[in-house]
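Just one chain is shown here, as structure tokens, and it is the form predicted on its own.
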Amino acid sequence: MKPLKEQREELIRVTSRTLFSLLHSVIEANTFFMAHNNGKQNTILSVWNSEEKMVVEGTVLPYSLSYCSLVGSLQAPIIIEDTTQSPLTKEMPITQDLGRTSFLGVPIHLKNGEFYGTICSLDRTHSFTKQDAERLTHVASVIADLIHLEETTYFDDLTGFLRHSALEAFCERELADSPKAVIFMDLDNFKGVNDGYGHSTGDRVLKALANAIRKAADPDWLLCRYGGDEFVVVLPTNEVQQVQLAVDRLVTAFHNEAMVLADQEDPLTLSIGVCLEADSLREYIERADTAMYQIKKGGKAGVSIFRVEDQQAELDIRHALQQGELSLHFQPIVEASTGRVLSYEALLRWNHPQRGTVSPMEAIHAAEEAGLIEQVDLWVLREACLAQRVLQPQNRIHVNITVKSLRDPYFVERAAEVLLETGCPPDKIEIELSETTQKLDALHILPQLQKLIEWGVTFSLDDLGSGSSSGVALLQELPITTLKIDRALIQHAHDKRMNRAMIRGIVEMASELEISVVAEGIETREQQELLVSLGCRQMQGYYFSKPKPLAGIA
């Protein structure tokens, strides 16, 4: 696999050669070449010679005593009619090698003003003009635009690492059928940095982590800022010892960077997941993320390797996806006073050929353990979108999507494709988030939620009052439009004053925030009447309807 730096230079090289061949039709010169200046030397990246081979691609020139350095020192176009007579060039080694030539050179300045290098032209007979200099300056501007576009499209502004979409493109081109491994890293307790010290300090911490990764990496590693404080490294090997050595180097470099902030209660550590085997880069990342997530749930700061041989669940859930064992049932959410259907919640069902009906929680757990949860979540979303077209157009479908999928920017892209392919209006989809979502997840899913909101998708906070204390905190962190009161709070509302007070408080809070409330798990008329008296206007439960397959509703 070519190092990333070489791949970036190849794009610039091919484009500039094409421009030089076109430029020859308006500037009568034998040679055009482009050089990159790194402050120590000039490297000839691309050359176009008409007849005489005056310059060779790949030549490295000293920072001083070269035509390129003249342009760099002046930071402006320069024309020399005879290099053997000009005091600026006549003593240079290159002049002695080439003999008499005319020379034109212009600087390449990037969008941020940084000096990148030069574009130059040589000829034995043609005397360059100001108009030639203007044309060459225009080409330099085009090259600068290309470099800027390539960097902003494919590379993260903060760290200089690949964006996740570019990572996939590079892997498809360079590592499609080659052995590889994926390391997924997440910076523990990073949210405390942003909250306690501000985003500028957070950016400095991320730059320091990126610097540590860069120091540990070999030239043929692919480095990606996956999102927020998550980083992905793709290695061109899946040999266990080499991968373990790479992980050790990354951890050592992280500790050497000494990212310690005064008075921070929880230290910055790394949770790392590794995958050595998968069918696609997407699956590699899902599995590495699954392994990393196990470290997160187990207390953070550690390394976990995803092992296919330990995952019987993968075989089961993959078979379920392929053989149509999964299905959706739909339960209506109704207007409490009239029973009118307002929307439906889509609920996953798994009919296992040997075990029969498998609980939704077990199905989700199996998909997470197998690293296939995003495939299952996308299947659920697609089926819900198709169902919305069958049900009444005004009815919104509530879809349960796992936090693990919402952490992934790739999932949002695929979700957009699903909405487009099915023709389902995004404002007819409401994604339900569980109150058991940890605050650490809010940091990672918020950017994805904001993209979905831009398209019209809305979000519910499910299981409010289930016993977790994170619900109110999540309301402050995430763009919630609906609160769903957990059935556990409703079940004993008749005989527990505290439950009634909590329900009334949730309703009042939602009213103040101008968001909707749905009471879940309504099973009797008495519960319905009590919840109405407490201010609930929307309800869901067996009292109104059990979940049914689409055919049973339509």
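Quick note: we count residues from 1 along the sequence shown, nothing fancier. Nothing here was measured: the structure is a model prediction, and the numbers come from that model.
FYI, the form predicted in complex with a small molecule isn't displayed, but the following is about it.
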Quiz item: Given that the partner is absent here, does E432 sit within 4.5 Å of the small molecule in the predicted bound form, heavy atoms only?
Solution: yes
Quiz prompt | the small molecule contact at S102 in the predicted bound form, heavy atom, 4.5 Å | solution = no
Quiz item: Should A493 be classed as touching the small molecule in the predicted bound form when contacts are defined as heavy atoms within 4.5 Å?
Solution: no
Exercise. Report yes if any heavy atom of R487 sits within 4.5 Å of a heavy atom of the small molecule in the predicted bound form; otherwise report no.
Key: yes
Quiz item: Using a 4.5 Å heavy atom cut-off, are E283, Y410 and P426 all in contact with the small molecule in the predicted bound form?
Solution: no
Quiz item: Of L348, L483, A387, L222, which residue is found within 4.5 angstroms of the small molecule in the predicted bound form when only non-hydrogen atoms are counted?
Solution: L348
Quiz prompt | Partner-contacting position among C171, V380, C120, V193 - heavy atom within 4.5 Å of the small molecule in the predicted bound form | solution = V380
Practice problem: Spot the stretch among 194-202, 283-291, 236-244, 354-362 with residues whose non-hydrogen atoms come within 4.5 Å of the small molecule in the predicted bound form. | Solution: 354-362
